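Starting off, we have a lone chain in the form predicted alone, written out as structure tokens.
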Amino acid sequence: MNLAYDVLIIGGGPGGAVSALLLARAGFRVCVFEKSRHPRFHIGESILPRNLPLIQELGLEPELRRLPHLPKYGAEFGLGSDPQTMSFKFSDGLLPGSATFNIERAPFDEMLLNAARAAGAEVLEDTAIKRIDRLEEGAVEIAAEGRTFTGRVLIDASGHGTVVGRHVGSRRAFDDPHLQKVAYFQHFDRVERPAGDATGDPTIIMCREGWFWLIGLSETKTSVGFVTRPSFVRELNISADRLLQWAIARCPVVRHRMRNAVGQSTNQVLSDFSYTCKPFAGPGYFLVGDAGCFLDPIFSTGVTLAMMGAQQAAKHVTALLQNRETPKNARRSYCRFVEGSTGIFWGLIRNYYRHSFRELFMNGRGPLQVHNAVISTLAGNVFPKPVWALRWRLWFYHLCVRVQRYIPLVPRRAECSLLRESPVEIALAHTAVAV
């Protein structure tokens, strides 16, 4: 059986759902293929402020507000052995910043996919793509569940599956081993968080071997994770599902905040961080979100990059199908958008793992409003293109990071090493926290 559509979309996460929603509203025949069934668990629960205007533009804010979530006004950063942390508010950014939210991805992603379905997109859940049989300009064909589906354009929003990237052979891990990461995470109750309005502000605790996140999801539930290098883990004789507990036991700040935590003693694992599938668009296809590239999750960019990219992909696909834009121009403009928005984050990510970056950032202030520029970047105010006032300050900040390595522009801070710290196990109550 051959089923014909205008646009085929692989993946029903935020990127695929937003693309489907916008294209269905534009009157196109859209089919979404989702290999699992919503609601399903996913990490990436901290949403950047830049995402909220898009949700408002999509008309989904009232529905979002009905879902359990926590307001988020800024973030807290700290070093693993120093209880004195540094906090900032998005309103302190160089560009206007607003409050945003943390939310469990299961209900959030389901809300977006249901909105696409309500707009007229056909959504096939529990449907994995078996193969891509044709991928050409104006003609694509895929096989799924014993059926053949054809379309004029394919949008790949398959996340880490990188279906098109693997098909065309463009998926590449970065050569820099410091950019290869693995995350160990779980949900817990009764984790100590910042007080008052700051209770929804994510906490990032840094150490030589990586970093921890503590993200409040509700009044009681907190997402806790540890991100490190696979090469470091290979040196340890620790079971992968116990690695988070191993790391917590050796980090004084995180250990203290989890002294009364309730949850599972085992953790989940997500690897394969930091890769790219350039070019982000080609004959017959566009890559959205993690299907095109995956950035280290330190700055919580995943959902925002996926949804903003989905909006741009839908715009170019609409113009393409309406003969208002040539395929070459559509692909070039979309690739420029993705490269421009991700490139500025890559600069911060590469420097983030340098202790000199952390010393400067933890200082909390600097000349020429450079810290305010960093805050605006962390808020996601880089779309559709970072303004010059932001770009030159970030360049100056990166220069200061290099200087700080040799000349102390700000006071030196002791680096926390999990391998040097004496482990103190915490007694987790073994009450399972639903995820």
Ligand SMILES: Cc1cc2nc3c(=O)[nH]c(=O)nc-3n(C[C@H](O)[C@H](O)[C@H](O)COP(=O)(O)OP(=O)(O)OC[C@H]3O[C@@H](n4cnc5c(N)ncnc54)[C@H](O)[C@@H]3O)c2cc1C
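All values derive from a computational prediction rather than experimental measurement. Residue numbers here begin at 1 and follow the sequence given.
Another form exists, predicted in complex with the ligand; not displayed. Remarks below refer to it.
Residues of just one listed stretch (250-258, 228-236, 161-169, 318-326) have heavy atoms within 4.5 Å of the ligand in the model of the complex: 161-169. In the model of the complex, the ligand sits within 4.5 Å of a heavy atom of G289.
In the model of the complex, the ligand sits beyond 4.5 Å of every heavy atom of F28. For L360, no non-hydrogen atom is located within 4.5 Å of the ligand in the model of the complex, even though that partner is not displayed. Taking non-hydrogen atoms only, V153 never approaches the ligand to within 4.5 angstroms in the model of the complex. Only one of F88, W213, F188, Y334 comes within 4.5 Å of the ligand in the model of the complex through a heavy atom, and that residue is W213.
A heavy atom within 4.5 Å of the ligand in the model of the complex is found for exactly one of T100, T301, T203, S341: T301. Looking at the ligand in the model of the complex, residues I10, S46 and R105 each place a heavy atom within 4.5 Å of it.
Shown without its partner, the chain has no residue in segment 57-90 with a non-hydrogen atom within 4.5 angstroms of the ligand in the model of the complex.
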